[in-house]
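First comes one chain, alone, set out as structure tokens in the form predicted alone.
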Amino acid sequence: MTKWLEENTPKLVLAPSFVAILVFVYGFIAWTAWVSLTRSRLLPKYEIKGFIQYERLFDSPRWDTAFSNLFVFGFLFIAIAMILGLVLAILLDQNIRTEGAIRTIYLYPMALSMIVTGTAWKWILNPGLGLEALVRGWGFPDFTFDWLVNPDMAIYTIVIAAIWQSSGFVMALFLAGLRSVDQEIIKAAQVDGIPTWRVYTAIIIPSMAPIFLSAFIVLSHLAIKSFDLVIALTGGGPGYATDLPATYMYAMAFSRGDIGQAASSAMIMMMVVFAIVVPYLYSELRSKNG
């Protein structure tokens, strides 16, 4: 008995977690996929009716807006966060004296929850309380910055808040990558008289391709699942101008009582995540096996 316990203790310890994950993660994914193929509305139904929920989903103007916003938000958020993070990392890589303090300041927003970030930026961008009121108080009465209440510009307020929170994390990734580059190669390039900017663009940055890919995966995941930030900052408004798939799914499930639409939108989101993550995992496994 003692020998059996010694051999199987790890399995016994992991078994509850394994069962919980199997039921509450993969089980609910399977349930959601099933419900998305039914005529479920307020209550779930289990008779398969094909892709009717997906047809309703793609015919919905609100879903079109949410999905379009995802591409606008995702592209700007990922591109600017990566560029800003790289620039900050390069600046910190110059061995400045206050590097520790500056790095802490840059990383601090990542320690905040999305709810806190959204609430803070809601105050900052509020026309009556924040930036607009401040500048007008400085003697510029005609200054306006009403993006938060402008349906055409509100999505960009989410981009601003998301970049503020995540660029420090990207900076930390890139800084670690910069510090891992072989210094002998850099010194040899400098001895040959190659300018510093050319060393970065031709040697250092190309060697950081795996880090760029990792940062892209992390930021894509944050963009797709952005819910807290949107709810705290705009609530999906004005109207549904800042809806994202995550907020659309929540509204269908808990506000509109349409479980079928919530399930189908959730499955589309999962497919988008798979489309990003699976090629990354494939390339990683291929490189390791090669």
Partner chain sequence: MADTSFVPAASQSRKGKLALRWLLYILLGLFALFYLMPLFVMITTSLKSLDEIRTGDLIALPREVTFDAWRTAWSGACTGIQCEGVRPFFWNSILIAIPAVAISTLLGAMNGYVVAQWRFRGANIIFSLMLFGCFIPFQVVLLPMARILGMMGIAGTIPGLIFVHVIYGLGFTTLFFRNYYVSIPAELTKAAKVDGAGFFRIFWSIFLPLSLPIIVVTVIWQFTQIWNDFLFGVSFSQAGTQPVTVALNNIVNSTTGVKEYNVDMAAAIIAALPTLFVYVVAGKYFVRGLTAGSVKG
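These numbers were taken from a predicted model, which means no experiment stands behind them. Here, rigid core means the biggest group of C-alpha atoms that superpose within 1.5 Å across both forms. Residue numbers count along the first chain shown, from 1.
Keep in mind that the form predicted together with the partner chain is missing from the display, and what follows is about it.
At a distance threshold of 4.5 angstroms between non-hydrogen atoms, I29 is in contact with the partner chain in the predicted complex. The shortest heavy atom separation between S167 and the partner chain in the predicted complex is within 4.5 Å. The partner chain in the predicted complex comes within 4.5 Å of a heavy atom belonging to A253. In the predicted complex, the partner chain sits within 4.5 Å of a heavy atom of Y46. The single contact residue among I205, A120, A79, V149, judged by any heavy atom lying within 4.5 Å of the partner chain in the predicted complex, is A120. Distance criterion of 4.5 Å from any heavy atom to the partner chain in the predicted complex singles out M249 from the list A66, A223, M249, L37. Contact with the partner chain in the predicted complex, defined as a heavy atom within 4.5 Å, is made by none of Y156, T201 and A241.
For the stretch 65-94, the set of residues having any non-hydrogen atom within 4.5 angstroms of the partner chain in the predicted complex comprises L84, L88, L91, L92, D93, Q94, in sequence order. With the core held fixed, A15 shows a CA shift of 2 Å or greater between this form and the one not shown.
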